[in-house]
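Single chain ahead, written as structure tokens, the form predicted alone.
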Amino acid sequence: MGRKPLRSTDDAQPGGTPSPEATEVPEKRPGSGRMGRRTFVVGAAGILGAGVLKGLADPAHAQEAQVIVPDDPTKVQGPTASLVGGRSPFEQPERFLHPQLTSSRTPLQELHGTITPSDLHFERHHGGVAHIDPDKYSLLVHGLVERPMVFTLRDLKRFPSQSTVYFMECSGNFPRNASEDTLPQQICGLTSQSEWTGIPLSTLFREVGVLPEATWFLAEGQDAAVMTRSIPVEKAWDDAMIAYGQNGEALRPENGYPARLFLPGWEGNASVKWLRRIELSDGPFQTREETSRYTDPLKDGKVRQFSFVMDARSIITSPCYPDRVEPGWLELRGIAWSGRGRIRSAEISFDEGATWHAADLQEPVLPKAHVRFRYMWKWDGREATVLSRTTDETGYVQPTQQELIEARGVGTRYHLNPITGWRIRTDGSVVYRTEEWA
């Protein structure tokens, strides 16, 4: 893992010096965020110095910090205030990295509530992370407009702002033919939720005077791939925004700093990061990213293009692999979301979908946002399967995998949102309920 060991003074000798005996402390399972067990050698109490405290306060050095865990915290003076806070060394969730480092997945099984910490928001890059000087940033809006204009970051921040909570999801957020030892973040960790701050795109469109014949606009990024997508103008007049803030702070570089396009409820790749240009036109631009990619081949030989909206979906995040449960009452927990609006219901099945039981939704249930659901269940110790599905306010019901295959064939890669679940074995171990994609 590359971390120095956590240290403990559970067996401290007189004078505060730890004994030489080994103490068990949790260590995180690589890629999962879950704790295993490992024995570390207890270190000297003298390591509690300014360098250690700085390591704790500085996220860039947090993994290198050595931490003393006192037997009685009331007898030890704690660290002083720091410039930047950090997580407990016992809580170190991590994103799951793509082998080619083009994406990272949010550890859904490690999160509480509905807001994803900014440093755990999923990533998807086509040309790596662009690093941009905010003082040199500019956004050009031109094409079918009355007044082509260039906006600096300072200009954007002078407009009236708004802060809204929305999820974001990559259209490729599902692994086909996954194995039993699969985590929730590997199943659909390419979704996250934040409070986004910025200005409505409609504000800029009014500023430049978009012409009536303009029906599409091109969004172009400033990354090495020069990511470009065609977007219907109607989305701009609806709820599209130029975001420069995320969860109370500036955007993180991997999420588009200093400014990005954000399209609530639509596939993440269309929310172009590091936005540098918007061009208005009377038709789509047919760019590389919307022709060779992000299209859905159907079983009849046709291709579904511009399938922007993310359909309703749910996943149980607890219990899940690699949990181990005991007979008795369990609270099944998960999240549900839909790009079409609010979630109307979440349901649980214990008989492979033959019957469904209503779960409780946690308020507030916001449009185009993750919502938590819960269901109390008494496990009798026999092998069981638990599935979840959701229905949104439009009446759309999350489909089974077989229904998706029958509708589109086996060649599609995007917008896969099948019902998923977990198998609980008689020994209490929890594994992913696998299905062959064929």
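Since the model is a prediction, treat every value here as computed from it, not as a measurement. Numbers follow the displayed sequence, beginning with 1.
Not pictured, yet referred to below: the form predicted together with a small molecule.
Enquirer: Looking at 205-213, 158-166, 263-271, 360-368, which lies within 4.5 angstroms of the small molecule in the model of the complex, counting heavy atoms?
Expert: One stretch meets the cut-off, namely 263-271.
Enquirer: Quick one: of 279, 123, 347, 311, which gets a non-hydrogen atom within 4.5 angstroms of the small molecule in the model of the complex?
Expert: None of the others qualify; the residue that does is 123.
Enquirer: Can you pick out, from 319, 221, 200, 89, the residue that has a heavy atom within 4.5 Å of the small molecule in the model of the complex?
Expert: Contact residue from the list: 221.
Enquirer: In the model of the complex, does residue 231 come within 4.5 Å of the small molecule, counting heavy atoms only?
Expert: Judged by the heavy-atom cut-off of 4.5 Å, residue 231 is well away from the small molecule in the model of the complex.
Enquirer: Against the small molecule in the model of the complex, would residue 227 count as a contact residue? Criterion: heavy atoms within 4.5 Å.
Expert: It does: once the small molecule is placed as it appears in the model of the complex, residue 227 has a heavy atom within 4.5 Å of it.
Enquirer: Looking at the partner-bound form in the model of the complex, is residue 94 within 4.5 Å of the small molecule by any heavy atom?
Expert: Result no; residue 94 lies far from the small molecule in the model of the complex.
Enquirer: With heavy atoms only and a cut-off of 4.5 Å, decide whether residue 294 touches the small molecule in the model of the complex.
Expert: Yes, residue 294 lies within 4.5 Å of the small molecule in the model of the complex.
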